[in-house]
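Just one chain is shown here, as structure tokens, and it is the form predicted alone.
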Amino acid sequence: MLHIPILRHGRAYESVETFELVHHATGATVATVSQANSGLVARDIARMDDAILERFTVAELMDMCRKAAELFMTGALPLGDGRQTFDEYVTCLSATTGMPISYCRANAKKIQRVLSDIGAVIGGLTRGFDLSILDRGYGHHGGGWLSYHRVGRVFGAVLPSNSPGVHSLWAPAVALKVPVVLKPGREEPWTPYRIIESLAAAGVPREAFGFYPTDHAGAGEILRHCDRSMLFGGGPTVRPWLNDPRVEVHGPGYSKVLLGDDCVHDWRNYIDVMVGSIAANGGRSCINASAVWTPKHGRAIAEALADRLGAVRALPADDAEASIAAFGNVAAAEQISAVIDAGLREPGAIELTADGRGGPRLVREGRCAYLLPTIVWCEDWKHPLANHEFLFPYASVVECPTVEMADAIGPSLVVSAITRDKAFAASLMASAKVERLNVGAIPTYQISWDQPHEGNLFEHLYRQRAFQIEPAA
């Protein structure tokens, strides 16, 4: 039986309190996981050596990240009392999360890319200044002095189970000399554990890592005791931390595809961009589009999207054609479906994928369930279903005049504006509601890793100081 331990300052620790991770489809036990109580988490963070990585230069740590990229994809890495190959990792990941095997592999490649291209990633976060400045504490840049000090002495991350690719967001902290404390998602301890072991095998001191499967109280201790942290979760989870500057919140994305007046009549040319934005990675990411906004042809666009996405079927995770994830928690799938049904009872919204295209939205298969892609046409962008996000391929389609979109769309992690209209693009660039902006036929899921994703990790961990030095005599 596999056992996933706690990592206390990088050392495996087996707790008397454990829980079982089960296969989403069969219910068979895949692994037991040691559970950390909140007191242990708080004590360990207080005792962590926050300067453990200062002995290395940023360049040396980036070299270790590049080595870790290869080990992550190919190595037989420690897991409890044994070792786990990459193929075994993928099998376990799919088993407990319900994600298709093909998507597990694709997400692993995202992590590999961030670790292997860590120089470009850090360069994007720091705007390209000489990184040796972080080693010395100061240096010349742009004709003057530049100095930073690290305010993120220990960095914590409360992580989700929805998509392994999100773990690429905390990994650069290691190259920036910051020890990390991780609370994995309940169904997805595999990826953060494997990243830690690949970094340790590449030469990063084990003492720089904490790994704590824990409950809500333990997660709270990480957010309270780490100097800087990252939190993933739904609206109720992240709401208490929204105004805490120490916590970088990754909540619902409400990402969108917008069509400009100049391109809307050619909307058929952009259906692939819209479909991919909605359904890539099983629709489970905050960068998946949850809405399409258009000034015209809204019902026709919704019908076309429903035709394409209505062809998706519920398939086992090991099927090469599988494109949506299973819900091991049937009640969660039922609750999501019930929320949509309640919204559809409000006038002005029609579900088009259920109109002879995709069949029932909720599909039960044995002990798990699937939610098939759902497209809802909303006659008014103020309808309750017009700006909603769910953990599967769901999108509303609404009409709104282009001149009103920048103000009307609300907070949006990614906006893909299909337009060549400079005035429309400028209105979106001026909007504080848009975190990432793609101008042109670029799907929302297409990320440039040399740019910040949601917030800037470097600016979260470091603060610039004013600095002068007396010239040498």
Partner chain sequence: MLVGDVRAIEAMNAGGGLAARVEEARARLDAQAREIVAWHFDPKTGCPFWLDYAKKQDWEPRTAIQGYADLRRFEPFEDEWLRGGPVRRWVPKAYAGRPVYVFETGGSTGVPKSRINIEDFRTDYELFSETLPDGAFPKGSDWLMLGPSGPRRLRLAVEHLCQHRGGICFCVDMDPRWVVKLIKSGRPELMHEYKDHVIHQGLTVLRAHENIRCLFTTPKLLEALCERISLVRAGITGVFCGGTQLTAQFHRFAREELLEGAIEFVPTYGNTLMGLACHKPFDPADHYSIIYHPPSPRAMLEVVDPKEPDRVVKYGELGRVRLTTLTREFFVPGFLERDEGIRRPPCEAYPWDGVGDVRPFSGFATPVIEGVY
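Residue numbers count along the first chain shown, from 1. Predicted model only: the values in this text are computed from it and were never measured.
If you look for the form predicted together with the partner chain, you will not find it shown, but the lines that follow are about it.
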For this session: Tell me whether 15, 40 and 241, taken together, all sit within 4.5 Å of the partner chain in the predicted complex, counting heavy atoms only.
Result: yes
Seminar exercise, completed: Residue within 4.5 Å of the partner chain in the predicted complex by heavy atom, from 313, 206, 224, 299, is 224
Exercise. Exactly one of 28, 51, 46, 426 has a non-hydrogen atom within 4.5 Å of the partner chain in the predicted complex; which residue is it?
Worked result: 46
Problem set entry | Which of 53-61, 411-419, 31-39, 430-438 lines the interface with the partner chain in the predicted complex (heavy atom within 4.5 Å) | 31-39
